[in-house]
Ligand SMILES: C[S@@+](CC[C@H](N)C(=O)[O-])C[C@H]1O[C@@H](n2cnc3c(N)ncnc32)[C@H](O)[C@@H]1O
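Shown below, as structure tokens, is a lone chain in the form predicted on its own; questions about how it binds or moves come after it.
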Amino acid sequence: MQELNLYSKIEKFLDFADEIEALHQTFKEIVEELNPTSLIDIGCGQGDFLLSLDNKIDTLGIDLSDEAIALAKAKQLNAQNIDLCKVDKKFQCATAIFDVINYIPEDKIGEFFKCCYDVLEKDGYFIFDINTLYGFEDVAQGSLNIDLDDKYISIDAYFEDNILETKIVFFEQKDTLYKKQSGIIRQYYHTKKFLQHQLEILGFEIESAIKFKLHSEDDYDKQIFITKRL
């Protein structure tokens, strides 16, 4: 998961703090309304969403980036670098926030949702967000260059055939030399109809699909799904 570790290194320089906080706040309000006693945050990153929750909730954060998990553990969070399908505990609620579903190719979505189903108690809730087509075509595409005193970041994102390919180049100064890291991250556009079909096959019911404007005021670039394990 070299690419995920690379993204974890540059994330704090991308100036998404306000957007992430807004998304976390919306998820927090949904969780508070559901009032679970236990929650697993899938793709927890550095654990900021878990930090925002009531400490009475028994939480676990999981992520495939060991860099992110190390940062989450430094915040005294219960976090593990483990695949979802290997989690053997059950929870009343599961969350997958900020593009987690979009990192999963279409042919792997069914398997992922099955693991979500298995990790939930009966009547448990699975809450996640996805990027809309507008979010991919009009918001995510483009180039970004960040020039810092001892770091340089170049990002180029291009959306074609329902895949957003983001090329990242990261230079970091070590003594008098610069170390270069690079990688490509792919995200996949999924329609609501496709996701609903995959969820219903397994026994999930979509209770709500909330249109959400995260990066744009012109149109909604995300949808938040509240689903229930029947």
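Not measured: the values here are computed from a predicted model. When you see a residue number, it is the position in the sequence shown, counting from 1.
Below: the form predicted together with the named molecule, not depicted.
### Message
Taking the named molecule as it sits in the model of the complex, is I42 near enough to touch it, meaning that at least one heavy atom pair lies within 4.5 angstroms?
### Response
Yes, I42 sits close enough to the named molecule in the model of the complex that at least one of its heavy atoms falls within 4.5 Å.
### Task
Would you check, heavy atoms only and a 4.5 Å threshold, whether Y103 touches the named molecule in the model of the complex?
Looking in the model of the complex, residue contacts with the named molecule include Y103, since a heavy atom lies within 4.5 Å.
### Query
Does F91 reach the named molecule in the model of the complex if we count a contact as any heavy atom within 4.5 Å?
Although the named molecule is absent here, F91 would stay clear of it in the model of the complex, with no heavy atoms inside 4.5 Å.
### Message
S65 versus the named molecule, in the model of the complex: is there a non-hydrogen atom within 4.5 Å?
### Response
The answer is yes: S65 has a heavy atom within 4.5 Å of the named molecule.
### Candidate from I97, V139, L77, L120 lying within 4.5 Å of the named molecule in the model of the complex - any heavy atom
Here the answer is residue option I97.
### Message
I need to confirm a contact call. Of F112, F128, F159, Y125, which residue comes within 4.5 Å of the named molecule in the model of the complex, counting heavy atoms only?
### Response
Of the listed residues, the single hit is F112.
### Candidate stretches 169 to 177, 42 to 50, 189 to 197, 28 to 36, one within 4.5 Å of the named molecule in the model of the complex by heavy atom
Checking each option against the 4.5 Å cut-off leaves 42 to 50.
### Query
Has each of L4, E11 and I20 got a heavy atom lying within 4.5 angstroms of the named molecule in the model of the complex?
Yes, each of L4, E11 and I20 comes within 4.5 Å of the named molecule in the model of the complex.
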